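Quick heads-up: it's one chain on its own, the form predicted alone, in structure tokens.
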């Protein structure tokens, strides 16, 4: 099963692609969609949609994983993030890609073992779990962590739903 993890952002949207079979999760690709600050929000949303569409077309993932929205102190930032997530969810729906959402604490718990893990701890554990020594950017590591979370929870979810 190929899983596309997404870490939404209006400046940087991270993505990570892993392949999971049995107890093995293998790194395939990752990176960031970087958006210039000077661009209008609508232009950023179009770019995110276009680049995600190309990622999906080129890599043919079986599903996608994204963190659920969390409470933000800045209402404007939360609203913009909501727009970005909306475009991502729409692109997944348009391409027929099933999407799974997990709370940020659950992603950190699944990857690091601690729900309040730091960004550095997430990056370090993603490197270990995927046996990669490259320096992942924060957004890239968060996207991979989301994909890894689904890889780890997918068999449990199937059993709970009577599919396994």
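Positions refer to the first chain, counted from 1. The structure presented is a predicted model; accordingly, all values stated were derived computationally and were not measured.
What follows is about the form predicted together with a further copy of the same chain, which we do not show.
Engineer: Between a further copy of the same chain and 82, 93 and 99, in the predicted complex, does every residue show a non-hydrogen atom at 4.5 Å or closer?
Structural biologist: Contact check passed for all of 82, 93 and 99.
Engineer: Only one of 115-123, 57-65, 40-48, 24-32 gets a heavy atom within 4.5 Å of a further copy of the same chain in the predicted complex; which is it?
Structural biologist: Contact-bearing stretch, as computed: 40-48.
Engineer: With a cut-off of 4.5 Å between heavy atoms, is residue 69 one of the residues that contacts a further copy of the same chain in the predicted complex?
Structural biologist: Yes.
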